[in-house]
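One chain follows as structure tokens, the form predicted alone.
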């Protein structure tokens, strides 16, 4: 999976004085499911349009299978796009929608019939070939849009927020189906979304963007557990931060002033000088909450009071106000043998985490 099918080198896109992309470098591998993730206006859809040929770069270079395609129109590229609206032709049957691309290329009708049959079987909708798009559900329309794109045998399939119009249950189902389909086809998928959960559950790699700049590229695990900076940490997942000041560090770890006390962590990667401000990131599910100080096994803990309890099915979220006034969120998992539901508003608790489960980030 190391062969590069799409590459962007120093790509900038401007509309007048407004800069949308700022010197983007990105390589997309053959056969991977890559997600462009970020808030609205970050530039992710612009990258998709540049790769598809709907927009051209202001500067920089775009290559598809090693060939520079900066000024090539969409029909000259081995790329197909599934739009958010699916863009199916309402006056055509499902069969004719899927057959549209091959017919434009002059493929023999006998071959088209066979290829359409295979494409519809692939998305498990061959029994609906005579229907019109308005007679299908949103999930079925999405699968037809994919079949119409795949029949053209593209090197890369681009998907622009293609699940966002579906309801929650169907979107979850389609996430699984889409990932399975991508593995089955072996085609490179480039997926655009602002939904972090969607990106984490579907992607081989995630490209997280902010204000036209790539902040981090990595696997879902890398992005979630080792965010490169505060932008990434704030966007991906729930995050609990502790403001800290470096007291000292050595080959044994780092000493920090946090929540009015001095704590020692095993982290040896951070080279911040004494006096530097850092933020300690701990995911809410990694925080450990105890009712009694004697139950704390770590060398440090912070006393607080439970301010609110949010029930979320298999977990509860505890909103805890520490002595400093800082409010944090901790997630407690439970089952029949757990006492997680025993917390009460106003109850005093003690919070800690396993040394090494934190991430230290520069306080910008």
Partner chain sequence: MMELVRKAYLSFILLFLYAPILILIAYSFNSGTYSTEWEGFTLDWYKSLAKSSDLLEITFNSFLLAFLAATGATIVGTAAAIALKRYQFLGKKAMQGLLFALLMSPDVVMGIALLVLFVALRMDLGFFTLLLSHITFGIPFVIVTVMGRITSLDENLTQAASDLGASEFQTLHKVILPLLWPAVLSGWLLAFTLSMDDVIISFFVSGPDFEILPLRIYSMVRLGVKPEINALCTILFILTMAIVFTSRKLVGDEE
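The term rigid core refers to the maximal set of C-alpha atoms that superpose within 1.5 Å between the two forms. Positions refer to the first chain, counted from 1. Only a predicted model underlies this, so the values are computations on that prediction, with no experimental measurement involved.
What follows is about the form predicted in complex with its partner chain, which we do not show.
Only one of 170-178, 212-220, 77-85, 114-122 lies within 4.5 Å of its partner chain in the predicted complex by heavy atoms, and it is 77-85. Shown alone here, residue 186 lies farther than 4.5 Å from its partner chain in the predicted complex, counting heavy atoms only.
In the predicted complex, its partner chain sits within 4.5 Å of a heavy atom of residue 54. In the predicted complex, its partner chain lies farther than 4.5 Å from every heavy atom of residue 107. Interface residue remark: residue 224 is not counted as part of the site for its partner chain in the predicted complex, having no heavy atom within 4.5 Å. The listed set 139, 237, 101, 284 contains one residue whose heavy atoms approach its partner chain in the predicted complex to within 4.5 Å, identified as 101. Of the candidates 129, 152, 182, 196, 152 is the one whose heavy atoms come within 4.5 Å of its partner chain in the predicted complex; the others do not. For residue 132, a C-alpha deviation of 2 angstroms or more is recorded between this form and the one not shown after rigid-core alignment.
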